[in-house]
Each structure stands twice: as C-alpha cells, then as structure tokens.
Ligand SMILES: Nc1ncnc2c1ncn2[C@@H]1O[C@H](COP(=O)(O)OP(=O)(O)OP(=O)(O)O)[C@@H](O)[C@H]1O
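First, one chain by itself in structure tokens, the form predicted on its own.
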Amino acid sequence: MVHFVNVTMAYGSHIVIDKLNLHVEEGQLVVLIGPSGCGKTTTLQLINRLIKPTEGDILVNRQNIKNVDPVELRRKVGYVIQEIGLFPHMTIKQNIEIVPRLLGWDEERKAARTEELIQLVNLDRKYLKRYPSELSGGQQQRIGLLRALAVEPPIILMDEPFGALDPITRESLQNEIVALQKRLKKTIVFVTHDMDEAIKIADRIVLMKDGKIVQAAASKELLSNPANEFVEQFIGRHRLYSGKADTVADVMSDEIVCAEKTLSLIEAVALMRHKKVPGLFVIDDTKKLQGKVSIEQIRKSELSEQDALETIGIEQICPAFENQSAREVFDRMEAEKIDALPVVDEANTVIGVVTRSSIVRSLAEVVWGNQS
C-alpha cells in the first residue's frame, strides 16, 4: 500500500531521513516510534506530500506520488493530528462533512455517512449539532478521527493523536482504535513516542533513530528479539518478553460473573450471593457488554425487586481487550483499585474476566514455574 524506496530528506547538510526503505502492507496498523528528531513525523508527512523528499520514491497503491496532484492525494488520505484541528465556527456535523462537501457529495449521502460514523465511536447523534468548544478533548479527538474516515480513505495518517489527552481518555481511545481497526481494516501509519501505546495498538512497530530504521517487527518479535542494545534500552527492559503473561488472553479466567440486563434485581442479588461477588458485569442478549452493577447500587435504588437491572442506570466500564498488555491492565487495576475487569473481543462480546489475583498467579508461574 505504501512503499518508500531509498528516500532521503535533507535540509541543507542536515539529513532527517537517510535512504529509508519501508513497506506498509494493506490493512496494517504500523507505528513509527523513536527518540525526538529520529524522523518519524517527517516520514508521515512525506506520505501525503506535505513535504517532498530530496531523493527517492514513495509509492501509494503502486503509484508514485510524484505523479499525483497533491490536493487529490490528500483528499484520499485521512490525517489526524494531536491538535485535532476542528473548525470552531462549524458544527460537528459540518466538520465531519468537510471532505465529502469538497468532493461534491449530495446532502442525503453526506447525512447518511455522518450518521454512520457517529455510531462508530458510540457518540449520540445530538453531538452533531454542537460546536467543538462544547465537547471534551476525548470527544473532539473522536470527531477528528471521524473526519479522517469520512470518505473511506484507504490510508489514514495519525501523528501522536492521543498525546495531549489525560491517561484515562487516552486508554479509552487506544481501545477504540484497536476495535475500529479490526472492523475496518484500514492501512494506518501512526506516530507516537509512547512504547506502551505502540505495543498495544500496532500490527508492526518501526523503531527509528537518526532517520534510519533500527528494527521493524511485530510487537512480540520486538519484545522477544530486540536487534541491539539501543532497541532494548528504548523498549525498556521491564517490557521485554518473559515468555508468559504477555497479554490479557494469557491471564484471563473463563469464570465470568455476568447477568443479562433484563434480569430482575432480586435475581441479580441472589446470583451475587451465590457467586460471593459484590457486583455483576451486565450484558445484552448477544453477550455485548453494557457495563456493571453493584449490590450497593441495587440497595440504594429503592426500586421494586421485580424491576430489571437496566432500570437502575448501569455504570459504564472500560473493559480489558484480549490482546491488551497484561502488565498495562494490571497497572490500571492497581491505580484505580479495581479487583476485576471483563475481557471483550473485537465485537465487544464478553469472553472472560481478568482479576488482580489471576494476573499475580500467572506472574508467579513465570518466576517459579507451574508447581501443580
């Protein structure tokens, strides 16, 4: 999909990109990472001709971008930046529809696509009438992503899009981009300085230094076989693959305490007592996660025992994903004092549960082996 062939970018005698050869396959999410000044953002900007290379060729879908009108190229390449860049005088709907409008889409087609997009990131359609200043930073970044997806571009470029967000919002958006990518299969080139973020979202990580690629590999390969000492130091020795307890799927339990949202409150309380748990994960009839409810919520609700769980206001919860780093989830559970989290697949279907104790048991096996 994107192919760099001996690409050099220099400003006078200062070489930013040095004979770069890189291939990004269709449908991959490739993360560019490295120390400041390594050339990762420059590499991204070369793809949509925001800057032109000093030497070499860049092919997009087998076509040399030197021969493509830059305006037409950019309309077919989604671009998401840290600053978001929403137009403050336009509504959210108008912001999302900028490129479709430039391409001459009719109103019906634009409206249908906008409605489809807003549902992708679980935002209510009421936000379409609002202005950027009325949204939180995380909501604005979601709109920035939707704008990049508006005309279904085959390639999306993302330059540290979550860098300015708070940790909780950042984690939520990371989960969202992973889930969206599994559904949409876009070709994404993503720049970050955060190794944990790279490991979490990337199909392939490209680690750069001084305008060159030091190592390009899938996360597990990078963690288990770092190319040299620089790679080890940049990754951080604490992240290097230990052989077990790598992802949530390695440490989750199949013992899930779930209840359908239509379950009555008295039945829910009975289930909690039987399972000896203080709360339940709530699902719909297709096992899609709805949130969680505690026995304390039920006690305070003052509703009838026969009322359904969904009537008491199910608490939203950010789940763990099966391919997410076990260490990252454990750190979150420690920081937020969470004892258990539901584990979901790409369709938001609950497939297991991860607990602090299940992670500790897996880590103990790494250190002492399985004694059973």
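What you are looking at is a predicted structure, and each value in this text was computed from that prediction instead of being measured. Start at 1 with the first residue shown and count on from there.
Separately, the form predicted in complex with this ligand exists; it is not shown, and the next lines address it.
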With this ligand left out of view, which of C38, L309, I58, L341 would have a heavy atom within 4.5 Å of it in the predicted complex? C38
Heavy atom within 4.5 Å of this ligand in the predicted complex: which of S253, Q94, Q82, S172? Q82
Please tell me whether any heavy atom belonging to Q324 falls inside 4.5 Å of a heavy atom of this ligand, as the geometry stands in the predicted complex. no
Does this ligand get within 4.5 angstroms of any non-hydrogen atom of D203 in the predicted complex? no
Decide whether K261 counts as a contact residue for this ligand in the predicted complex under a heavy atom distance cut-off of 4.5 Å. no
Can you tell me if V24 lies within 4.5 angstroms of this ligand in the predicted complex, counting non-hydrogen atoms only? no
Options 38-46, 325-333, 343-351, 63-71; stretch whose heavy atom lies within 4.5 Å of this ligand in the predicted complex: 38-46
Where, within 1-36, is there a heavy atom within 4.5 Å of this ligand in the predicted complex? Residue list please. Y11, H14, V16, P35, S36
